[in-house]
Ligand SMILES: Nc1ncnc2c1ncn2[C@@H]1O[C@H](COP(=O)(O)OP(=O)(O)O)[C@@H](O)[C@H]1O
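Just one chain follows, in the form predicted alone, and it is written as structure tokens.
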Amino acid sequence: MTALLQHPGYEDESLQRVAEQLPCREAQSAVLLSLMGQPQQYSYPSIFIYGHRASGKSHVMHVLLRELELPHATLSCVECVSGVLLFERVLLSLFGHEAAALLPRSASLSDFVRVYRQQCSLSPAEQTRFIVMEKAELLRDADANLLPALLRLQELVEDNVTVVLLSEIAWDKFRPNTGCFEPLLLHFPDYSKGELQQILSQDRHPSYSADFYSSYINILLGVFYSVCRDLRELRHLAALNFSKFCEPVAEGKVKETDTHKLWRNIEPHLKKAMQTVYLREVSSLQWEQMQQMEEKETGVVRGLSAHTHIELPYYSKFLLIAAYLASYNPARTDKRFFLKHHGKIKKTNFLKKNEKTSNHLLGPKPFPLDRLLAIFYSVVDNRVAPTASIFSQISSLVTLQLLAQVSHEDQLDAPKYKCAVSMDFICAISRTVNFDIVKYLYDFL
């Protein structure tokens, strides 16, 4: 590994430590080292590093700066909500509290450049100073002159400083329309399946052998790799489900080498957990506690999918209930179910003789948005104003694939939807809000 990280400006021992902490990212580290050059040399004014989430961008940059002991300022554009905060963080990290105190209360870019140049005259750079900005895509919403100035900060302050922007989007979507100095581009690709196997296997439990944990990671990736390449998410799932995987071994029922029986034990559990990838409805501790309660009550491991409704917003649950009723009830029955003073309707006249097929067997029917909202306002307990929050929750249900939009996206006047959840799922949601949905279903009259 160290062969890829040989550089004349740094000691081999430091490069060895870097290589040990950056598995499967040796090539990107070597390219980044070559762009940075030797510590005393002037580096390129700005570098743009992009790649998907959890592809190692921040980790590689931080390890290089820390192990090679390079002067740097690391800040997140999420925290620095204004240019003033950004300027203060940079001066504080590079020059100390006294330099940051020199900025006026409403500092402008020219104030920042003036104070920076004053500090450079007092303490000239012996090595390249690096300013690393995470979540740099948020700079597009800042002042129009901020991003172009950062890209050529070296020229403005006349100092050996390099600005490194870390982003999840490509430079073509990042570049300002007014034009700017072009940074050097470095792409971090997603980890391959073999690389994820190698990285995740390093987190093995000390009570079990490396081969046992590696076989567990192989099983985990076999289930999740097709839907998730995020290293952080996979690491979270590995830690969350490992106790279930090694449970037969801990009880003495199965040996560590019997991979087939271990796979049969964990497979249903992992497939149910796959329905909650990225959603984070419950924390790890809450999930374990609820799973233990379910095992005591039913003796069946239902997994994470049984709790997917728990953390839905309150009104989203009623929106989903209204969507289910609109999908499986004929539109002409809405007056009977949801209008308080509908008068007496005889059941013989209400039910048509030719309607013998259950709507649940025929599947969900599409319904317009106005019908969904009408049912929603009838079943919800409190008075709710038709605000933008309600409409955004409908969009969130579509994104979560709990609702399916069947009309064209450009059809703004009358969008139509279908409910995409099962009867068991909607009954579980109804119980959390004390709503008896069976009383409102036409098939169960």
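Heads up: residue numbers just count along the shown sequence, starting at 1. It should be emphasised that the depicted structure is a prediction, and the values quoted were computed from it without experimental measurement.
What comes next is about the form predicted in complex with this ligand, which does not appear here.
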- Item | Exercise: residue 54 in contact with this ligand in the predicted complex, heavy atom 4.5 Å | yes
- Is there a heavy atom of residue 422 no more than 4.5 Å from a heavy atom of this ligand in the predicted complex? no
- Classify residue 16 as contacting or not contacting this ligand in the predicted complex by the rule of any non-hydrogen atom within 4.5 angstroms, answering yes or no. no
- Non-hydrogen atom contact residue 23 with this ligand in the predicted complex at 4.5 angstroms: yes
- Note on the structure: Answer among 414 to 422, 54 to 62, 394 to 402, 33 to 41 for heavy atoms within 4.5 Å of this ligand in the predicted complex: the stretch 54 to 62
- Query: What is the one choice in 94, 149, 221, 199 with a heavy atom within 4.5 Å of this ligand in the predicted complex?
  - Reply: 199
- As a check of understanding, the residue in 115, 153, 246, 231 with any heavy atom within 4.5 Å of this ligand in the predicted complex should be identified as 231
- Listed by sequence position, which residues of 174 to 196 have a non-hydrogen atom within 4.5 angstroms of this ligand in the predicted complex? 191
